[in-house]
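Structure 1 and structure 2 below are two forms of the same protein chain, each written out on its own as structure tokens.
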Structure 1
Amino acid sequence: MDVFGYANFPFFSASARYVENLGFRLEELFFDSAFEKIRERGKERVLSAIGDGIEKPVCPNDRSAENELLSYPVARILVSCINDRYLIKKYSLAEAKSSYEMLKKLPDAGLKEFADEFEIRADIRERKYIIDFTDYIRHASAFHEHEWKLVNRRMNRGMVYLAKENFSRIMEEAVRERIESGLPLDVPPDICSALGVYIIKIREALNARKSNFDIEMAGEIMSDCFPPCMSYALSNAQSGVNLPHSMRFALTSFLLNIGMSAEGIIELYKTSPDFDEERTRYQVMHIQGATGTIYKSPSCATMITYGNCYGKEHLCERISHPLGYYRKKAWILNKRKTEPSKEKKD
């Protein structure tokens, strides 16, 4: 891979080595006025990640490719200075998506190189894209469409047969995971303050974006926003039907995650036929994080596996997590309230 390749795939370990070998101190990138253009491009990367997505420019020469490559560490530093969960996710996804566009154009040898970079055991021959099943599920278990379930794939002797688009999509996910897990970086404060002007701009854009949907999860409990599985479990619990352990865990963690108090939850379970206050209190406290692990409520995929997905409805198609349903529904209801004139289909 050459410098143009590195500009396209700046997250490759070879790309990082190339930057190291350029022979200047990294601080210059943040303080020297000669690099202002690169810093601008770094800011643009993050802003477009918040917006419509990152577009890779066509680089006419080595120099411009180098600049494009250098804007990547700048963008990562900017994201790290802001250190916001949502921004990190959004940025990682945008970088991954833009590399997918480049990936699609790669010849098979390039795809193989890509797979090697991410330690994905792949065998590409005669337009067949075959990868080891552990590598497949490592990345594909994040997707929740039916076609991505391992059971709906062709697998023989531990190898999964994929079409080229699917193979590329797995690579995209590998990119996203690598970028996201590498953030935030530990950035010295003086670098962050040197980048202050850019950070202000990004914060503004981020806040504008968030105010569009942000629902304070610790706020009031909106029972009309519960996903059908949780409504079902809740009404069962309240009418004295004994819930299976996995469902009780799901409901408890869900309620805790949306900000209900432990006391409130214990109250809920009082009608349960085998109610034991001390035991219930212990369990609720445990899920709440008394032992140091804070449990997040199970995803839709988990709910399905454990046979706890009930009453799937239209909105469920658009989310992969009961909490996502809750957030989205709250957003929809809120929007209806604030924009009563606009009729919009959800």
Structure 2
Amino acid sequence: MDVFGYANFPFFSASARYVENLGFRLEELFFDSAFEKIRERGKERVLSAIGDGIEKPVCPNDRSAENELLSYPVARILVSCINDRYLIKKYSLAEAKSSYEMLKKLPDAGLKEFADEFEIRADIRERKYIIDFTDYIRHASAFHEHEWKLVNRRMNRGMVYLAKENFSRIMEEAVRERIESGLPLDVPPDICSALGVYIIKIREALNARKSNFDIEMAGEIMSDCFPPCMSYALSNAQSGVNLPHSMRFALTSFLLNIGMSAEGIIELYKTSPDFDEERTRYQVMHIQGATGTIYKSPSCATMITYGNCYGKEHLCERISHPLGYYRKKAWILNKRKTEPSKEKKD
């Protein structure tokens, strides 16, 4: 792989070795004015991850490719300085998704090199993409669509046969896992201070992004009245955790039942590693009643059956449905608000 390949796949171990051999101290990236453009690009990587995703620029020469490669460690340092769990997941996912677009364009030899980098036992030949079933399970377990279940794959002697697109998707998940597991880095305070101007911009974008969901929850919806199971599911969804299908259905139907917009729910799921807007929109609209049936969120008994009951507390003991919990908690909170004014009257 040459410098252009390293720029496209900066998380490769060979990419790190290439940077080490460039002949300057890594600290210069954060203090030297000669590297300001690289720091700016690192900031843009993170901002793009918070937004619509990281796009890889066309690098016309070795110098531009090196600059793009160097912006990757800068971005990782910026994310580490902020050390926000949501940002770490969002950034890791965005880097992985940008690599997926490049992966699909690689020849078979390049894909084999990629699999070897991540210690995925694979056999690629004559447009057949085959991986060991243990490696398939290790990475595909993050996907909850029906098609990714092992029983729905062709398997022979412990090897799983995939289309190139699905093989590349497995590689994307391996990338996401590597990047996320390596963050946050232990960054010296003086480096974070030197990057302060970039960190401020990223924090502003991050807070604005997080507030999008809060806006959707405004008005009649009382997020502090959510039952523990829904608070748990919502927190995971906002953090980019891939919810199981049963929990995703429960959360979606619950949010729709209490009045959240379909667009707000679709926006919420954009942080999921396996997010597909067309499919998500179809599922949300289906639950909302696009086909004539409006779905009610599952009862507590159903939540327990599917292993989706989390954080059970005393109020749950007297409630048989998450919507019942929501209404009861809202009634309790409203009653508390009126009590002080009643005492004043007396």
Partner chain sequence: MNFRTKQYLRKRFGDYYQNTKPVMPPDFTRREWGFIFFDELPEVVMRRHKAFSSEGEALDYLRGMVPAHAYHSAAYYRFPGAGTMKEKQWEGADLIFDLDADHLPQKARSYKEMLDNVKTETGKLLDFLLEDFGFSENNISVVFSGGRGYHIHVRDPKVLALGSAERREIVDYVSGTGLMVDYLIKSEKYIVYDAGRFKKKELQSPRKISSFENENEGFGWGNRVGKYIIHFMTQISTKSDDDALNELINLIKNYNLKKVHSEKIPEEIVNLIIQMKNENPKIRYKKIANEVGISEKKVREVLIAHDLENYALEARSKLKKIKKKATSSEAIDMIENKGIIDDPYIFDAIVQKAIDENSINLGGGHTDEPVTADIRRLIRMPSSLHGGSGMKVVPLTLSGFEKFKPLDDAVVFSEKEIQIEVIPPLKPQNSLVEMKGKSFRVQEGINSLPEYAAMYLMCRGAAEYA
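For the two forms, the rigid core is made up of the largest set of C-alpha atoms that agree within 1.5 Å on superposition. Quantities reported herein were computed from a predicted structural model and do not represent experimental measurements. Here, residue number means position along structure 1's sequence, counting from 1.
Tell me which of the two structures is the form predicted together with its partner chain, please.
If we ask which form is the one predicted together with its partner chain, the answer is structure 1.
Would you tell me if residue 331 moves between the two structures by 2 Å or more at its C-alpha, with the rigid core held superposed?
The answer is yes; the displacement is at least 2 Å.
On a rigid core superposition, would residue 226 pass a 2 Å threshold for CA movement between the two structures?
Yes, shifts by 2 Å or more.
So, does residue 31 move by 2 Å or more at the CA between the two structures, with the core held fixed?
Result for residue 31: no, shift under 2 Å.
Provide the displacement, in Å, of the CA of residue 309 between the two structures, taking the core as the superposition reference.
Its C-alpha shift, to one decimal, is 10.4 Å.
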